[in-house]
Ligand SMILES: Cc1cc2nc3c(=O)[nH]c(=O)nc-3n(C[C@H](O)[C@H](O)[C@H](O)COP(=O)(O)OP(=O)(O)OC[C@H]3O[C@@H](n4cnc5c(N)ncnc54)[C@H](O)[C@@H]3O)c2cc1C
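In the block that follows, a single chain appears as structure tokens, in the form predicted on its own.
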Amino acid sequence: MWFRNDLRLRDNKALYAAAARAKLGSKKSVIGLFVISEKEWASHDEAPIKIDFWIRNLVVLKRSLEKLHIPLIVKKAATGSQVVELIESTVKGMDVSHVFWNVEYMVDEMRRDAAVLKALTKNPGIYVEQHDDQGVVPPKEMKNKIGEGHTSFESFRSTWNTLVETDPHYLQLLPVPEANPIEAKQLYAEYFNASVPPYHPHSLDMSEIEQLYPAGEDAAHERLRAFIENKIMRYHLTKDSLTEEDDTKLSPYLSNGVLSTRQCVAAARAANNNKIIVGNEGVRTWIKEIIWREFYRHVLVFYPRVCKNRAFKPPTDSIRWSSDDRKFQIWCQGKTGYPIIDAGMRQLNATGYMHSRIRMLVACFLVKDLLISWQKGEKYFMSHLIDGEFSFNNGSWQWCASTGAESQPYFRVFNPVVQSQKFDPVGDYIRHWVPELKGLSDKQVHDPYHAMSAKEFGKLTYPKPIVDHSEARKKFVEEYKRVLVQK
């Protein structure tokens, strides 16, 4: 079993199939394999905090597998291409007959898996099984009426809802796989005794990070249970709340495969009298958020150009973006002079996480106020987020930039001050992350430059707004209209 973005025992299709197949073989044992490929991860902008989360979950997974007498081998590949050689040599060296993995849909990963498949199956007696595990409905099962991929979210959502509501197999959860024979403990003793290499390449506070995002399936399921029991029924009312107690923080577990999407939807459905389309509004709103994830993965599969740094809407590739790196760095550092934007960026830089509502605001600000390309923001997010998932991150950035499938209309440009007043009305979120503004009134904290006298503002160690929002909005809209005319 080649583990990748699926570090869990429960509801793991490839692992369950591997265990079932092992019972039919002569050795009757499952062997787990995980490949640390730092250069490959770096080429995909994987965040150090996310890699650290993988390794911490890998440690917990190894202990869980040991209880089932299943060894987990952890190997390092110097390059992405070496992954293929390493897997082939491991499989042949251990006389493995069947190799299982769950499909990853990004272009580079599919090429890598195709190369591994070719290398393995050229050897007599070695077979490969790949399983669709990342979502509820496999992308290829979600075609529109003319047999193509969906480009409309509502069309996709309607099809998804109908399939999942009417066909119980989509939410059929698999149990923990059967254990290996006890003899496996002695046969693979060197792997049971080996430890997972430590990985702490970021400068964030590890004690805080481990408290915010504890590793392991049990931690993930406890977080899911607490959300379902205490919060989901009011989710439609609280999803945009910036208070810590209203934030689910389930996304790191979902994006990194410690929880399966099926487990999340099944738990939500169970809380809603086994209904998805009707029932409690909070449940339906949360499931809709999950369907957005499925939609963006679907777009990636059917329209792989989004994996190649290109817009979903080809004409928008010709938008003339600003090359002002100074402004980009100011945005990255959270020093734009717009408190809600700066608070979000500072939260990201300090914790590897940002509230979903704030992600939209800071993304829209970069693209539509600073006229800096969505690709630069997408890359920055991926390199800092603990829950960075390529398809969802790409789809969300293209939504904000009005370049993606079912994206925000180009003329809709969030006013950061108005959004701040709406979603952080008393300024608690801002004051937490922008301590320079702690002493300001609820009115001043959203827009200190305009709400205070020049003399008062000058006493703050806080910058004035980097751009005038009204002028910046006009400039973006005019540029987008130019692209529309050319189309």
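The first residue of the shown sequence is 1; numbering continues from there. Fair warning: this is a prediction, and the values are worked out from it, not measured in the lab.
Beyond what is shown, the protein has a form predicted in complex with the named molecule; the following relates to that form.
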Pick from 112-120, 306-314, 165-173, 395-403: which stretch has non-hydrogen atoms within 4.5 Å of the named molecule in the predicted bound form?
395-403
Please pick, from Y188, F328, W292, Y410, the one residue with any non-hydrogen atom lying within 4.5 angstroms of the named molecule in the predicted bound form.
W292
Can you pick the one in D369, D387, D133, D342 that has a heavy atom within 4.5 Å of the named molecule in the predicted bound form?
D387
Do K76 and the named molecule come within 4.5 Å of each other in the predicted bound form, heavy atoms counted?
no
Is there any non-hydrogen atom of E178 lying within 4.5 Å of the named molecule in the predicted bound form?
no
Does at least one non-hydrogen atom of Y296 fall within 4.5 angstroms of the named molecule in the predicted bound form?
yes
Evaluate F381 for contact with the named molecule in the predicted bound form, applying a 4.5 angstroms cut-off between non-hydrogen atoms, and reply yes or no.
yes
